[in-house]
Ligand code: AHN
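Consider the single chain below, provided in structure tokens and representing the form predicted alone.
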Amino acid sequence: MKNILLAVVMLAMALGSCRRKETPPVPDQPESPSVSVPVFNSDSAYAFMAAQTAFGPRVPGSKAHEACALWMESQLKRYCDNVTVQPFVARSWDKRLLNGKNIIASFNPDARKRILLCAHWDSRPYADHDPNPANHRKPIDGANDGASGVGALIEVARLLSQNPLQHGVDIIFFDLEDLGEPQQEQSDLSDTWCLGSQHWSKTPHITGYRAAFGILLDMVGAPDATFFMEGTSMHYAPEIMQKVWNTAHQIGYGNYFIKTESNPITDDHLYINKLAGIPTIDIIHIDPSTPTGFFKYWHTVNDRLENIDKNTLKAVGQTVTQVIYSY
């Protein structure tokens, strides 16, 4: 992931006052006087994460990748009758043609008012930011970078199956997101990332598909995560970002959702905004204390399940749930 504008990004962010001092107790049930919002179960989301990482690195073209695709499709069919698999072929940074699969679950498909939720499900083939150079061409488990967003959204799908909405919700798991050029190649091929969302944004699963707004989840499971108001999101969808961050603060998660803008990032939401024209934001872990600007184990072999915190999953999952049920 992602165009690394962030190492320099954080210079402008004097954030000592924004960092969490001590995490308060995480509420189990946010209160709303006007709408009944189901409880996001972080244990369930964690189990969905564990199931993905159990396949091993979900590198496109591998057996683990194929097995995980089948598992996700079967899980979504437990909660939703309308599941679409969108196969596509894309060219990687090193000119290989790769087969990808975007997996889409649609709830209340006949509703005209719709919300788009998304995450990427593949994992990085290269641990190119690992402190040990011997690991730079090893694949990663992608527990946080990939599996956390998918796990959270499968839990949202479970809640939607039990607590139907009048408006529609589409959950898309994008493939071939994390295949960008390795850091050591030292060039800027930003469009080699996010190949699944580029394909879907040009050719959505339904011709003329529209949604009121979209929310992308990326790296939403690390301990003590901080989610800043990412610059691409603020450019294309500032009202949506304000709504989500305000919601997080209202229900007790303000120590995770920092009301400070960061520099823009190339992620799946960029192409949804530019090519599909759907205002979409990115909830993504940004950490100004690390050299990369992302979480500690980003693109290293230590992006594993044992480095996931259910409290972070709860903060993000409950916030997204509150937003879609209050729409």
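Heads up: residue numbers just count along the shown sequence, starting at 1. Since we're looking at a predicted model, the values are computed, not measured.
FYI, the form predicted together with the ligand isn't displayed, but the following is about it.
**Student:** Please pick out the stretch from 273-281, 57-65, 298-306, 42-50 that is in contact with the ligand in the model of the complex, where contact means heavy atoms within 4.5 Å.
**Tutor:** Selected stretch: 298-306.
**Student:** I'd like to know if Asp218 sits close to the ligand in the model of the complex, meaning any non-hydrogen atom pair within 4.5 angstroms.
**Tutor:** Judged by the heavy-atom cut-off of 4.5 Å, Asp218 is in contact with the ligand in the model of the complex.
**Student:** Using 4.5 Å between non-hydrogen atoms, is Asn263 touching the ligand in the model of the complex?
**Tutor:** Residue-level check for Asn263: no, no contact with the ligand.
**Student:** Please tell me whether any heavy atom belonging to Asp175 falls inside 4.5 Å of a heavy atom of the ligand, as the geometry stands in the model of the complex.
**Tutor:** Because no heavy atom of Asp175 falls inside 4.5 Å of the ligand in the model of the complex, the answer is no.
**Student:** Does Trp193 make contact with the ligand in the model of the complex, using a 4.5 Å heavy atom cut-off?
**Tutor:** Yes, Trp193 lies within 4.5 Å of the ligand in the model of the complex.
**Student:** Hey, which residues along 85-121 are within 4.5 angstroms of the ligand in the model of the complex, non-hydrogen atoms only?
**Tutor:** Heavy-atom contacts to the ligand in the model of the complex: only His120.
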